[in-house]
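In C-alpha cells, one chain follows: the form predicted alone.
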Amino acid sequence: MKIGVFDSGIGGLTVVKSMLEHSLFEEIIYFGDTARVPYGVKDKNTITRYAIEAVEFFKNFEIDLIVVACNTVSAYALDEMRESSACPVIGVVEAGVLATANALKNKDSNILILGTKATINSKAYENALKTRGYKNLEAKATGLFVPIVEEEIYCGKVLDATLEHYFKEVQKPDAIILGCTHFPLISEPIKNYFSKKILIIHSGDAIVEYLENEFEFTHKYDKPTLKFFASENPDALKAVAAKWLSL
C-alpha cells in the first residue's frame, strides 16, 4: 500500500516512526504544512480549508489511504477531508479513543487528555470517550510542549518547570492520552511526573493498532520508500525526519 500522512508540521513524524516499526506500507508520502503551523490556535474554518488543500496535494499521487496525524485536524476537519478524498481518510483522534477503550476496561478510570488549545476546545476526545462510558475525564491544553519539543528539549529544567506549571493541580490519572503528535517525544518525563505505572496512549501506536484492525496487511515492508514534502523549507523537515526516524 501507498499511504499519505498529513500533519500541520513535523509532529506527525512520530506517527511515521510507528508505521516504520510495524513495516505496514510500501511507500509513505509525508506532507507537513510548515508554512502555516501551528494549527492549534486557529479557528475551525481555517483548519478545514487547510485540511482540504492537503487532500488536493495528495491527489498528485496514487495513494491508497490518507492518515491525518494532526490531532487538531482530526478533531475539526475529518468529515470534510473524507468528502473531498477518493481514498479512505483516517484520523488519530478516533484511533486514540479506540486504543484507550481497548487498553482501559475500567470505565471509572481517571483519564487525562493533553493537546493543543484547538484540540482540547473541540472536546473530540471527551465526547467520544463519554459515548463509550468513561466518566472521569480531564482535558488540558498544553501548547507550550510543542515549541519545547521543536527546540529538542526532552529533559531538564525548562521541561520540568513546564510540567509543574501544567500538572501541579491535576489529579493523578490512570491514563494519559497524548493528543498531539509532538508529545510522544516527552512521554517519559510526562509519565514520570505522575507515575511510571500510568497508561500512555500514543497517536502513532494507536493509529497502527487501528489500521491493523481495519485493513488486511498481507506483506511486510522492511525498507519502504519515504518521500517528505513541506509547504515551507522542506530541507528542514527532511533534517528532522532523518534525526527522529534515524534515517
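All residue numbers refer to positions in the sequence shown, first residue = 1. All values derive from a computational prediction rather than experimental measurement.
Just so you know, the form predicted together with a further copy of the same chain exists too; it's not on screen, but the next bit is about it.
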property	result
Partner-facing stretch of 102-110, 81-89, 139-147, 124-132, counted where any non-hydrogen atom is within 4.5 angstroms of a further copy of the same chain in the predicted bound form	139-147
4.5 Å heavy atom contact, Asp43 to a further copy of the same chain in the predicted bound form	yes
Ala175: touches a further copy of the same chain in the predicted bound form, heavy atom cutoff 4.5 angstroms	no
Non-hydrogen atom contact Leu185 with a further copy of the same chain in the predicted bound form at 4.5 angstroms	no
4.5 Å heavy atom contact, Phe167 and a further copy of the same chain in the predicted bound form	no
Stretch 150-173 - residues with a heavy atom within 4.5 Å of a further copy of the same chain in the predicted bound form	Glu150, Glu151, Ile153, Lys157, Val158, Ala161, Thr162, His165, Tyr166
